[in-house]
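Included below are structure tokens for two forms of one protein chain, each presented in isolation as structure 1 and structure 2.
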Structure 1
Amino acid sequence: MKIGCPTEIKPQEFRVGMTPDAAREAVNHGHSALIQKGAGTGAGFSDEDYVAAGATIIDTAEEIFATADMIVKVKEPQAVERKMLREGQLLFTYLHLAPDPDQTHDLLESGCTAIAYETVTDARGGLPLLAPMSEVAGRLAPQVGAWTLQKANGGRGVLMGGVPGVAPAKVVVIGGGVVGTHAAKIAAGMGADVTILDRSLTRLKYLDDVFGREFKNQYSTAGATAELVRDADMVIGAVLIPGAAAPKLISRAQLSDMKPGAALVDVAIDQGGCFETSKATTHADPIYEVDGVMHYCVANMPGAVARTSTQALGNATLPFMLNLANKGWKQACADDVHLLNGLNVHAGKLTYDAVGAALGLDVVSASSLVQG
């Protein structure tokens, strides 16, 4: 199979879909790795690194899309890229379709087969291709939130850890999954007073057993959330419904009750955001203010640490990429129900229920496409 990896073109996106190590593995399995010239530069990988791994360097994205059987990326294809997708071509990347009707329409029109990293599952009920970036985004959230809190950036001018005689920042993390756990851990490590909210008692017991008094936890109700948010210096939104649009947990009306200059960091912005006032921003222009509250809503947070993120994502995606290349998408998905759960689009048909529900579109069963 010819596996193509174009340069990411989303603003301020420095990650790359294949590392040189992944290219080497593909070549060792008898496939061709086609890498766009300069694709790995932002993550610290040179064209020479890819050539040494046995890959072929291709000058343009147009050549990659025209030649490759499978396209491996990081972010969802942008409009110009979607026009280059073709019937029968396999796309393996993050998609986040639920809040994005335009992308969904274009993928359906293209006739391609699209497998989304974020909906591939594992035997434990986890999301193994989302988890690495959730870990990175979770650990970044307090870091970028602390920067947003600085007075020069419009924030309250509060130091996360305080100093002797001055209380630390109060941080509320909504969601106790992978993002929330890593965010709480780092915020607590910075010396902040941290409370994590979740609706699973099992998860809260786990967090209490593992982290003890490192940070507090509380069952998430609308009342508890409103009370904690009112007193918070920073709120980190870390909720996820796999493949679906994120629920709105803080309304615009609640902003007036918050401290002036408080920071909202919405890690769920890829799925539409979990604050009513969230809108996607970029690393070049990451923050904005609504009703006196600062918002940080960068849609590709892990892109800020592109080398770490690329390596972490590559470690997770490599086995799935090889299975798709070795067997073809249909057999690979028939053999692995967890990979099948990643199938979102095939030949003009939508195959993921949560996306259909979010966009009001008909859905066909993914399993029906691999039977027989």
Structure 2
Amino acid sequence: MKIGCPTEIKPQEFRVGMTPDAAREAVNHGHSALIQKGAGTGAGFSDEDYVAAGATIIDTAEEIFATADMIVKVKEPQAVERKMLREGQLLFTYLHLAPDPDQTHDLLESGCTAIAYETVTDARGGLPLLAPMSEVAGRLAPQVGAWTLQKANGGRGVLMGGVPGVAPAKVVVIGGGVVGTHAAKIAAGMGADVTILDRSLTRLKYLDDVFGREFKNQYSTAGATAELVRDADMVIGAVLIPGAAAPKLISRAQLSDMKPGAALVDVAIDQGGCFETSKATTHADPIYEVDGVMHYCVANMPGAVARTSTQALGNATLPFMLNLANKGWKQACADDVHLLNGLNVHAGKLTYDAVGAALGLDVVSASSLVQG
């Protein structure tokens, strides 16, 4: 197969769909890797790195879309890219179609086959191509929160780990899933005094078994949250209710009970945010203040560490990409129900129920397309 990787064109997107390592794997399996000139620059990969891996550098996105059998990307195709997709072409990337009728319409019209990273599943009921970005955002949260706590940034002027004779920062993490667990690990590693809250007793038992005394855990109620937040230097919001907007777990009124200069890091901002006063910010202007409390609410946190994020995403997508290239989408999806769950669009038909329900469109079952 000819696997094409264009440069990402969405503003502030520095990741790339294929690392040089992934290109080398594709070439080793007998495929060709076509990389747009400069596609890896934002993530720190040069054209020479790709050439050394056996890839071919192509000047323009137009040539890549015209020649490749499969397009591998990071972000959903933008309008100009969608115009270049064609019947029979395979698209493997994040799509997030449910809130995006224009993109859905264009993909259906193109006749392409589109597999969405975010709906590929794994045997444990997880989302293996979303998890790496949650790991990145979770590990980044205490790092940006620590920066926000510095005096010059409007923060309380508290050092995460304290020093001998001075107590460390108190960090509260709300939500103990992928983001929350990674955030708590890093905050504890920085020496902070960390408590994680979750609504799932199964999850709390897991955290207790695995992390023991590294950080405390507590059942998430409004009362417990209010008490911990009052005393916190930093609160990290990491809740998710699948398919729903994030619940508002800290009200504006509660901010006046908090310590002046405390930091709120709302990682759940991409689902609307879990603090009443959260509004999405960008890497260019990430923090703002409300009632004396500093807020960090960047909706695409992994973009700040584009190289790590590209490598983490590449590790997770590689086995699926190789199966798609080795077998073709139909056989690869027939052999792996988790990859089949990623199928959202095929030859003008929508194949993912939740997208159909959100947009009021008819859906054909994905499994019916790969049988026989």
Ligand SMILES: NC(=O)c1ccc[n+]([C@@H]2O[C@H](COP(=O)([O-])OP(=O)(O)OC[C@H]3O[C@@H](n4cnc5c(N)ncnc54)[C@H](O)[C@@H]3O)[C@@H](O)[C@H]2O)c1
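Counting starts at 1 and follows the sequence of structure 1. These numbers were taken from a predicted model, which means no experiment stands behind them.
Asker: Please state whether structure 1 or structure 2 is the form predicted alone.
Answerer: The chain shown first - structure 1 - is the form that fits the description.
Asker: Kindly say which of T93, I250, A306, Y50 is at the hinge when the rigid parts are compared between structure 1 and structure 2?
Answerer: That leaves A306 as the hinge residue.
Asker: How much does the smaller rigid part turn between structure 1 and structure 2, counted in whole degrees?
Answerer: So the smaller part swings through 22 degrees relative to the larger one.
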